[in-house]
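For reference, the chain that follows is the form predicted alone, supplied as structure tokens.
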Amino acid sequence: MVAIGTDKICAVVAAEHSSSMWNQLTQALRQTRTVELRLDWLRNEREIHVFLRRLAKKRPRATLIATCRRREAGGRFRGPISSQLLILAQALRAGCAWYDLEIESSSKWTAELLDVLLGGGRRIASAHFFRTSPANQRRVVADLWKTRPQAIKIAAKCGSLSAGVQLLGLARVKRNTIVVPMGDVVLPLRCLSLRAGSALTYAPLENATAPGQASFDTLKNLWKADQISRKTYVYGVIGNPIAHSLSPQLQNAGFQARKMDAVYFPFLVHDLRDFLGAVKALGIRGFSVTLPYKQEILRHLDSCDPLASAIGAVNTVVVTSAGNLYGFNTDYIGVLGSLQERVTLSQSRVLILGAGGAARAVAFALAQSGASVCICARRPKEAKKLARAVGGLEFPRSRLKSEFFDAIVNSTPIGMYPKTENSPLSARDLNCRLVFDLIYRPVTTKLLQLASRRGIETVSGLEMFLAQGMAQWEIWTGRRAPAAAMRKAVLDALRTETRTAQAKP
């Protein structure tokens, strides 16, 4: 059986105009030799023919897969099946070695007729389930192979990691099987599908063509998807939301700088038990914990560092070779590293906004350094509970205007990307010498802007983020973190984001 392509990350080229499509193809060929051409994205058949005529003249040396998916199968092509097949035939004559034909179209034609029309190319028989995974996945796979293709693809929306893991199991049934878990919850599985045996994984160069896709750049350069094997150590960060996190840039930069066979993914978690149930199947060796699971994770640990236990929140978990979960808290390190050089903590009065997992780490770090701790949160009961735990005071929001603090620390998510125009406090509430915002994206939050305008010293959450993340890396690896490389990766990502935002009209 002929392999589909030498490069296992297939770049998906999709655009409305033939010129844009060609530009994407040119860009893709600089990075991979396996490309899917989504001809159905071109705005009409005239644009399709213009593009294919240009392709026929240039004939790039690469494995090209022609796809012209009809609307009934989740594509954009509005024409009849006969027109679809004629376009695919033209694509084969133009230099495409493979074509993808969905089961909705192939089921209307006999294999013999398909051979007459498209016999010059190799066929990927595909089935797409955009709402949920099919009840009998193996039956779908068997039905696809019955049509005598050279490869098959099954793409299914997965609402949980357990459903995604089940889908990955299909990749081992037969060679040249492509499995595509769709959806934000299973985003890392698009990468791990190759390790499971999938013949390809797809990634868009510019325009996403299916739910829960990571960009080609992310799969190729950040996750190194084509280099992952069964020996690769897998790590990740869990939270909800998680798309804002730059932890993957931070941790993967560390692994790559030290030339370690390891990768770090973002996991959007709606159900903590679903994630924990997939830890063994995915070979996860450790993970970071962010909102809203820093406290809930404690109930699922086999053991916990005494300091993290006292804080009552965990942001770092090690998975032992026996599968046991051991928790740590490195936020504590990040807080001290960010504040102790700027404030004499033993003589300070500090207000903490929030009473969640991050707030607990801040409160314990400050209290043990001798600071007088005050807690202000929208849930007075939780604020009082935390204040009591550290020997501090609970402060209602109404008293802030008449009080003065050496420092105010925001541990809430208010003002975090993408809702960057929000602030947990107004300018008149900032009666202090220093404002520290744990949020690092954006680096300068609305809260810090308000403080700066009043001449108040500000500290970005970026310093804490870097310190706690490097401590996590060292706990997992037992090696010294490459601080310069990890810091540069995060700063580069933030600069790129800023340039992109400024370029938008």
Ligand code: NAP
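If you superpose the two forms and keep the largest set of C-alpha atoms that fall within 1.5 Å, you have the rigid core. None of the values given here were measured: they were computed from a predicted structure. In this text, residue numbers run from 1 along the sequence as written.
The same protein also exists as the form predicted together with the named molecule; that form is not shown, yet it is the one meant from here on.
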item	value
Residue contact check: residue 294 to the named molecule in the predicted bound form, 4.5 Å heavy atom	yes
Residue contact check: residue 416 to the named molecule in the predicted bound form, 4.5 Å heavy atom	yes
Contact flag, residue 442 vs the named molecule in the predicted bound form, heavy atom cut 4.5 Å	no
4.5 angstroms heavy atom contact with the named molecule in the predicted bound form for residue 65	no
Answer range among 351-359, 187-195, 133-141, 167-175 for contact with the named molecule, defined in the predicted bound form as heavy atoms within 4.5 Å	351-359
The single option of 465, 51, 476, 41 touching the named molecule in the predicted bound form, heavy atom within 4.5 Å	465
The unique member of 71, 146, 379, 280 whose heavy atoms fall within 4.5 Å of the named molecule in the predicted bound form	379
Residues in 324-350 close to the named molecule in the predicted bound form, defined by a heavy atom within 4.5 Å, in order	331
Yes/no, residue 410 Cα shift of 2 Å or more between the shown form and the other one with rigid core fixed	yes
Core-superposed comparison between the shown form and the other one, residue 258 Cα displacement 2 Å or beyond	no
